[in-house]
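Okay, here we've got a single chain as C-alpha cells, the form predicted alone, with questions on binding and movement later.
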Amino acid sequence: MAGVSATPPAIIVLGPGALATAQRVKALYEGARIHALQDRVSGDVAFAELGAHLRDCYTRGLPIIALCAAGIVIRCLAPLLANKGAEPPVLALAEDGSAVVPLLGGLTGVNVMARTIGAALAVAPAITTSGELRFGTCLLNPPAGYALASLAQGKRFVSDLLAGDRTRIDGHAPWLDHVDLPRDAHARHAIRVSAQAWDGNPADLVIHPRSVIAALGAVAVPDATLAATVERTLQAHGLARQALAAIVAPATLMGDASLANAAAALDVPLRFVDADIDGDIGAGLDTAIAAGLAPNKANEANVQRIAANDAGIALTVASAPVDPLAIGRARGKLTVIGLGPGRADLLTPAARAALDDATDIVGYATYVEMAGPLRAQQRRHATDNREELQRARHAFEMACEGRRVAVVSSGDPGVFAMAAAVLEALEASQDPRWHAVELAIVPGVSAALATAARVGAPLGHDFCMISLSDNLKPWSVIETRLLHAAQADLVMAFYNPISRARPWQLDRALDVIRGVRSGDTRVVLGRDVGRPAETLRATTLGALRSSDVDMRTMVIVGSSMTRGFRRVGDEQGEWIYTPRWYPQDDTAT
C-alpha cells in the first residue's frame, strides 16, 4: 500500500465533523488509530487535553495527522521544536479533507504522506519545500534501507543544485531513476550511494545503503564496549556506521544484555542463529546472511566477506540494502499486560505501546477483544478463562520463535491474573529457550483501584485484596484470611465474589465479617467499572445481600473509619473515603 508509514500515524480528531475524513485517512495506513477528544467524539484512543496529547505523540515519535487548524498544532508543539532531524511527520488536515498542510518532518517523509493523503482525498497538498517542489522528491529523505551521511552537507548540496549546479549519480539509487534532477554524467557534484564512509568531499551527497552485517563469532565476548568495538571494526575497513544493517550472533548469546545494549546504541536490529559460529563465518551463519541478501537482486554480485578480527567480529558487505528481518530470528519477547478496567483512556501508554509492538496477542477471549483495535497482521490466540498455565506455555513457545507476544489480563496482570501464571510456568520449565526470552510485566489499573476512584478513596488507608474463589486454594484459607483482615480493621476488596458454581461463598464470607464488623460499615459495589455498562452502588454491611453481586462486581468493604458525605450538586451521590489517620491508642507509650 503506497501510504504505509513505518510507524502508524495518530489521527487526531476534535469533533464528530472530522470523523468521516479521519476514517478515510485511517484506511491508508496499516495500524493507524483515530485519537479522539474525550466526551466529544468516539475513536480508537481517547484523550482529555489536546496540547498534552499532541506533545506526547510527538515525543513518542508518532506521525501526527491533526484534523484541525494548523495554528493550533503549531502552538501546541512549539516548545518541542528543537531538533529538526529528529521530528516525526506532522500534518494539519481540514476536517472536510479540503486541505492538506505538511507542517513538520520534511526529513522524515511528511511530504510523501501529504501527497498520499492528497491523492486519496483528491486535493493538492500544500507543499512548500524548495527542493521538493523543484525535483519532486526530498533528496535528504532517502527511502527505507538507506541513510544520509551528513544532514548539514546534504543541505549544502541541495542548495548548490537549486543555484544551478548539476549532478551525477554514482551507485545503485533506483528511487531516483524518474526524479527530475539536473543531471550531467561529468558533473563535479555527485550523489554517491555507497557503504564507504564519506571522505569529506563537499561536492558529494553521500547516501549509505544499510548493507553491512556485523557477525559475532563464538570466540567473541560481548561486553559494555561492544558497540564501540563494532564501530572500530567498521572504521578499520572504511565503512560508515550508518551502513550497518544488523548485528548477528549465536543463539547461545541470546540472553546477553550487552548485545541488546550494543544493538540499541548502534540503532540496528539484533538477530540470532542456532548454528555454531566459529571465529570466521560458519555455514549456518553464511546461510542466514544469504537469506538477508536474497530479497534485493542488486546483491546477487559484489558481496564482500571480511574475516573475523581479534574481537571475533566478521563483516559482510553487500552492494545494496539487506533485509535484516530475513536473517535468523530476533530474541523473542513476552510482555504481560494489564488492560485496566476496559476504558481506552485508562490503558497506560506503556501497555498500549506493548500491544502495538506485539506480533501475537494471547489471553481470555474477552480480554483479547478488549485489547483492540489490533492490526490485521497481529495474530489473536483467545482461550478459555481457566487455561492460564497452558496459555503461558503457549506464549513462551511462540516467543522462542522470535515473536513478540503480549499476554493480556484485565486490570493489573499481577493481581489475581496472568503475571503469576507466566512466572509459575517459567520457573517450572527447564527449557533454556524459555529463559532466554525477554520477559516484561506492564502494570495496569486494577478493578479495586478503578472502583475506589469512582466513589472517592475507600482504599485511602491500609487495605487488602482477597479472592473469594476456592478454585486454587481451600475455602478454609479464605475464611481464615477474612477473619484476620476483619479483626485487623483492614478495608477489603473482594475479587471473584460469587459465581453459579459458588453461590454460597459470599454469604459465608459476609457472615465471617459481620461477626467482627458493625452493620453500618460502608460497602461499595462496582460492576463493570470503566465499561459502558458500569454501575456503582453504596450500601452497608448490614444491608448487603449476595443477590446484589455477580462475578463482574467488585466489592469493597470499608473499615471502621470509612465514611461518606454527599456530593455537592448530586443529591443521590456520595464521596466515600477512608481517612489516612487512625485514632491513637491512649495507652501507647
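Don't overthink the numbering: it's just position in the shown sequence, from 1. Nothing here was measured: the structure is a model prediction, and the numbers come from that model.
Heads up, the form predicted in complex with a small molecule isn't pictured, but that's what we're talking about next.
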Picking from Arg60, Arg537, Arg531, Arg563, the single residue whose non-hydrogen atoms come within 4.5 angstroms of the small molecule in the predicted bound form is Arg531
In the predicted bound form, the residue from Cys76, Leu140, Val415, Ala190 with a non-hydrogen atom within 4.5 Å of the small molecule is Val415
Here the chain appears without its partner; judged in the predicted bound form, the stretch of 254-262, 158-166, 199-207, 490-498 with heavy atoms within 4.5 Å of the small molecule is 490-498
Worksheet item: Does any heavy atom of Ala69 come within 4.5 Å of a heavy atom of the small molecule in the predicted bound form?
Response: no
Residue contact check: Pro341 to the small molecule in the predicted bound form, 4.5 Å heavy atom: yes
Using a 4.5 angstroms cut-off on non-hydrogen atoms, would Arg552 count as touching the small molecule in the predicted bound form?
yes
Check: So in the predicted bound form, does Arg527 come within 4.5 Å of the small molecule, heavy atom to heavy atom?
Finding: yes
